[in-house]
Ligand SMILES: Cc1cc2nc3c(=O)[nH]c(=O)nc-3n(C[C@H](O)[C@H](O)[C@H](O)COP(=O)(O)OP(=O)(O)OC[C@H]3O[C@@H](n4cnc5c(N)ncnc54)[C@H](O)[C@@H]3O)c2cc1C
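Okay, here we've got a single chain as structure tokens, the form predicted alone, with questions on binding and movement later.
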Amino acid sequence: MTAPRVLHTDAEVLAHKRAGSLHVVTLVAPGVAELHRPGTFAELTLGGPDSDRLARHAFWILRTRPSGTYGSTIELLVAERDPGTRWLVQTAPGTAVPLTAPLGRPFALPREAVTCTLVAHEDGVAAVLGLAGRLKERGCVVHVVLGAASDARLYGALDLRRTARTVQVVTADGSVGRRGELAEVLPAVLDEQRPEVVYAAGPVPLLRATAAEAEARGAWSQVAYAGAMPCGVGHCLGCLVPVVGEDAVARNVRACTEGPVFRGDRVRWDEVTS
């Protein structure tokens, strides 16, 4: 089997744009756009001269553009959570950022045109934005449910309305869409949409709830794990996820290489710590 291609490059910051309390960062990264598949991710070394004090960061690849005025570019959706992400959203255009991508295994696409529901929370939408288009190209009916703490942390609803049959929005404070939490509304949404496949990206409790609700309805689920992946290439063992393999044997696997996309029913959720 041919190993997936991974590129190592000094990406150049081209632009960054604020989107509510999130940021869209555009990087010139030759070759990455051509290799990217929804669900794969990019690993960045952040901090410039202080990078030796910061762990490497993993980001979903939001959009790609294989060619343009500046060549091949990718976009990342960034939430300021720590010194590394703050550095990234403040760094000047033209700055070089060491990047390795695309990494990990992508979402698997159904062989037949089926009904799919995509569930994403806040910046997790970056993992499924491109997936919606791929599914539509295959003739699938695509429904999307987006969740966020507030309108300021919601992204992608407008883009997704161009490809999905329905887009529902849930915010914890009720500032836009339905008030509540994604996990609370998910059972009723899945009962209404009756998907054959459910895809999810977001925090672990949401992934767990999605996997359970899908399984309860006989649907297949794929979840994009977004825990810490310090090296991104399987060397540090810092991203172990407990699963049950296809051979029915329980084991720990590396999210960065055997994931980050997993079958929801294969994860031993009681043992997931982040």
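In this text, rigid core is short for the largest set of C-alphas that superpose within 1.5 Å between two forms. Just count from 1 along the sequence shown to find any residue number. Just so we're clear, the structure is a prediction, and the values are computed from it rather than from any experiment.
The protein also exists as the form predicted together with the ligand; that form is not presented, and the subsequent description refers to it.
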Looking in the model of the complex, any heavy atom of Val241 within 4.5 Å of the ligand? no
Check Asp82 for me: does it contact the ligand in the model of the complex (non-hydrogen atoms, 4.5 angstroms)? yes
Considering non-hydrogen atoms and a 4.5 Å limit, does the ligand approach Val145 in the model of the complex? no
Glu246: touches the ligand in the model of the complex, heavy atom cutoff 4.5 angstroms: no
Tell me, which of Met229, Leu207, Ala214, Ala29 has a heavy atom within 4.5 angstroms of the ligand in the model of the complex? Met229
Identify, from the list Leu77, Leu154, Leu99, Leu186, the residue with a heavy atom within 4.5 Å of the ligand in the model of the complex. Leu77
Candidate stretches 30-38, 66-74, 214-222, 46-54, one within 4.5 Å of the ligand in the model of the complex by heavy atom: 46-54
May I ask you to list the residues of 191-223 that have any heavy atom within 4.5 angstroms of the ligand in the model of the complex, in sequence order? none
Core-aligned CA displacement of Thr45 at least 2 Å between the shown form and the other one: no
